[in-house]
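Below you will find one chain, with nothing else, as structure tokens; this is the form predicted alone, and questions on how it binds or moves follow later.
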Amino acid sequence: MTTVAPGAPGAPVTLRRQVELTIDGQAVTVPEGSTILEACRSIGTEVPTLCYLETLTPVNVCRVCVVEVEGSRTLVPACSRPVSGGMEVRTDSERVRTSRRMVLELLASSVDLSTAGGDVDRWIETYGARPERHGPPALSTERDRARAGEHEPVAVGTAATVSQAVKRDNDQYVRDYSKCILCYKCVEACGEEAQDTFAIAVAGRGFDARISTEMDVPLPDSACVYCGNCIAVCPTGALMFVTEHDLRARGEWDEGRQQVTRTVCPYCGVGCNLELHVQDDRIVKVTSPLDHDVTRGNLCVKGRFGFEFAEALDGGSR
């Protein structure tokens, strides 16, 4: 069985074969090449994800999306495994729940997930994760000075964490890597997936792995062009607009009072769509819709941070 894939007017018609599989006992038919995650979403079955984003190539690192596939020795990542005819998938077996519980416990015991969103809190409750059983947080260390093969163990009875000081070395955004889960989304967006700037990469090994600029130089001295596409893909708030960070610090950030307005960026003729997040009549951050065929969520420095010309958040004149 084949189906016609939608395309732009006048574009060649693409026929995609349909694949039949079973998810939690329910028969499902999806186009060939679809992932298990896409098949699950097509029938409304929730599979938690943290490192996945539809505009980026899956890297399979967070492991909260794993599912059980009949005949597979190990659990498989739903975000990247293509479906195949006759595949039998179980998304909520005891084996899957145990794995997700363990992953969420390890993440929540070592990373600050306070700004990761309500879904993470709900998953922790749903899967019965108890991060507190790993002990109180250990004393923070200078992670940027860690050297491969020289990991320092923490005190017995405490949980090792990625806690560290917030990096604020520019006027656009802050980097709070105590909230980083190493999903690699920012590295992908900065690299070949979007910006081709390669200002950041993963440094270190094992638990000491972290996101870093080249030679850990301050952001203004790196190759960063301040497009902010890394902020747009960050799932935990490790990368955040200065405006949002400061409002949160003062206890004034309130998404319930914010209005989001879509408009077109005025800086050039490309036609990038902007989503202006406005609180108390002031723009507090700018995003771009993932489904826009020009931007796919990406912007340049003018589109992302150019709102400052209209907003004097320090109380100055507009």
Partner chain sequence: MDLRVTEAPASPAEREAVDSVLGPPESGWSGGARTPLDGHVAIGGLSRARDRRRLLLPALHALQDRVGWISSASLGYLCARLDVAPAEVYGVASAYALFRYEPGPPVVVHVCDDVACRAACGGDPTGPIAARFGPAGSALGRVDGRAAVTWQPSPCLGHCEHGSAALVQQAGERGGRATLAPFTADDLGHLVSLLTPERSGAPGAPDGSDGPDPMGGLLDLGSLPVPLALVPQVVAEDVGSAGGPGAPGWTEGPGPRLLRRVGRVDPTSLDAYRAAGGYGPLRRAIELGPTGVIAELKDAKLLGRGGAAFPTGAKWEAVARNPVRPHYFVANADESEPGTFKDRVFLDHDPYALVEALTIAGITTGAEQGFVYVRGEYPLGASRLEHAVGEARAKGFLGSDVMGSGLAFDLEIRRGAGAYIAGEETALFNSIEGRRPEPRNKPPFPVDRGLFDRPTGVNNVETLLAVLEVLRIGGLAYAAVGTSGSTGTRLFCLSGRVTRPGLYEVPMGATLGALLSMAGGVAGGRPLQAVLLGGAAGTFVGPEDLDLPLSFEGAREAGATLGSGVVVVLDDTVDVAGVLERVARFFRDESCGQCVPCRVGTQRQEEVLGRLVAGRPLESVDAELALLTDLDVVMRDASICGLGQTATSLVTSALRRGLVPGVVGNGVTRDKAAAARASGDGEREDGT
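Residue numbers count along the first chain shown, from 1. On a predicted model such as this, the values are computed, not experimentally measured, just so you know.
One more form of this protein should be noted, the form predicted in complex with the partner chain, which is absent from this view; the next part is about it.
Of the candidate stretches 112-120, 207-215, 170-178, 227-235, only 207-215 has residues with heavy atoms within 4.5 Å of the partner chain in the predicted complex. The partner chain is not drawn, but in the predicted complex it has no heavy atom within 4.5 Å of G86. Taking the partner from elsewhere, A165 is found to have every heavy atom lying beyond 4.5 Å of the partner chain in the predicted complex. Of the heavy atoms in D144, some are within 4.5 Å of the partner chain in the predicted complex. In the predicted complex, V242 stays away from the partner chain, with no heavy atom inside 4.5 Å. Proximity to the partner chain in the predicted complex, defined as a heavy atom within 4.5 Å, holds among N60, Q258, S42, T29 only for N60. This chain appears without its partner; in the predicted complex, the one residue of C272, L53, V66, V284 with a heavy atom within 4.5 Å of the partner chain is V66.
Candidate site formed by R248, S288 and L290: none of these residues places a non-hydrogen atom within 4.5 angstroms of the partner chain in the predicted complex. Residues R95, T98, S99, R101, M102, V103, E105, L106, L107 are the ones in 83-107 with at least one heavy atom within 4.5 Å of the partner chain in the predicted complex, listed in sequence order.
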